[in-house]
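Presented as structure tokens, the chain that follows is alone, the form predicted on its own.
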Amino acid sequence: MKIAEHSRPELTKRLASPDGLRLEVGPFSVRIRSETGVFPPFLRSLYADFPLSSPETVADFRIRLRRPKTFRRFLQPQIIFESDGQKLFQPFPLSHAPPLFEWGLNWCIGTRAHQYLILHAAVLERGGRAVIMPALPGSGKSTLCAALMLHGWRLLSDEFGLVRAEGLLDPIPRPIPLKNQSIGVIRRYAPQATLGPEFPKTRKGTVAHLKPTPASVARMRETAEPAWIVFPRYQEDSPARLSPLVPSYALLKLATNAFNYEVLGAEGFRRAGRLIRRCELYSFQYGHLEDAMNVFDSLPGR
């Protein structure tokens, strides 16, 4: 059963129950409990196509969004993120429960899913071949990822490249967080796209989440073969330019953009090295999404 098949009152009731609900997100089962009415509409809209696990499914992550128990809750409504009963962050304003959930789930995956080499990267696939786009904040990665998904690429993730031991990529196609000017850019690029509410004054400015395409969610159990590693960088009014990288430099940049490269030790080096050997390697500078789409439509392949 999918999230969309539950009414808002049904979701609210299940989230508030002791067992919560179990959401399937790529290879993970996430048990969610929530004590606020702010979160269910976000879940029902942005995760509408996602399936629910049965109550018997063992959850990989156990998350709770709860109100503080102090008198301050009445003066300044807040929400707390807990994982396995542990408070991980300072409280957020109650209205910011959705971005708190998204960032908290990112933290859980990035710090615990060490069966993977976890890259901080957008990953998309078309024609059975995937492009990995590692990038630091401010590079335009999420904007480019959103446009490619809306251009027909299958979204694996905007946040994580989950690299298996054998080198394949596991999808985890969650909502794409767009920040500040990127929100308007994507609204103009694809007026038909479903974006959630805007959350101002977060630690990253104003944030709104783009719903993943139904096809991306429907195929979230389907692995992808890595074919390209592209390091993107947005430069205002720059022509779209794809430049080859030497393997040694690309490996260094890839390791820099990994969450657990050092945690995995030699295995992290081996997985990163295999990726470098099997992929075409490029840096990519762009200033306009339409030009970027043309370049990605004709990515060189082996």
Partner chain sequence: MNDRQILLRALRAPSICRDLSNREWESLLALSDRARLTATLAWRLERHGLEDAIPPGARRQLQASRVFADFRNRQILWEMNRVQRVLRKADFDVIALKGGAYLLLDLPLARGRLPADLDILVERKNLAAMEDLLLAEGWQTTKLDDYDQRYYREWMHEIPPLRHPERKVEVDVHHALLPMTARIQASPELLWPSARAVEGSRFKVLAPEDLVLHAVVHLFYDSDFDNRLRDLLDIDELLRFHARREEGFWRRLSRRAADHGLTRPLAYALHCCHRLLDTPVPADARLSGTIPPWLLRWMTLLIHQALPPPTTHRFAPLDATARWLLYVRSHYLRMPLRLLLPHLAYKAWKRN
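Positions refer to the first chain, counted from 1. Source: prediction; values computed, not measured.
A second form of this protein, the form predicted in complex with its partner chain, is not displayed here; the remarks below concern that form.
Q: Looking at Pro244, Pro239, Pro55, Gly37 here, can you tell me which has any non-hydrogen atom within 4.5 angstroms of its partner chain in the model of the complex?
A: Spelling it out, the residue with a heavy atom inside the cut-off is Pro55.
Q: Just one of Gln115, Thr194, Asn180, Gln76 has a heavy atom within 4.5 Å of its partner chain in the model of the complex. Which one?
A: Selected residue: Gln115.
Q: Is Asp60 close enough to touch its partner chain in the model of the complex, meaning at least one heavy atom pair within 4.5 Å?
A: Yes.
Q: With the partner left out here, check for me: in the model of the complex, does some heavy atom of Pro27 sit within 4.5 Å of its partner chain?
A: Yes, Pro27 lies within 4.5 Å of its partner chain in the model of the complex.
Q: Even though the partner isn't displayed, in the model of the complex is Glu10 close enough to its partner chain, meaning a heavy atom within 4.5 Å?
A: Flag for Glu10 set to no.
Q: My question is simply whether Leu264 lines the interface with its partner chain in the model of the complex - judged by any non-hydrogen atom within 4.5 Å.
A: Yes, contact at 4.5 Å.
Q: Just one of 183-191, 139-147, 80-88, 153-161 has residues with a heavy atom within 4.5 Å of its partner chain in the model of the complex, so point it out.
A: Among the listed stretches, the partner-contacting one is 80-88.
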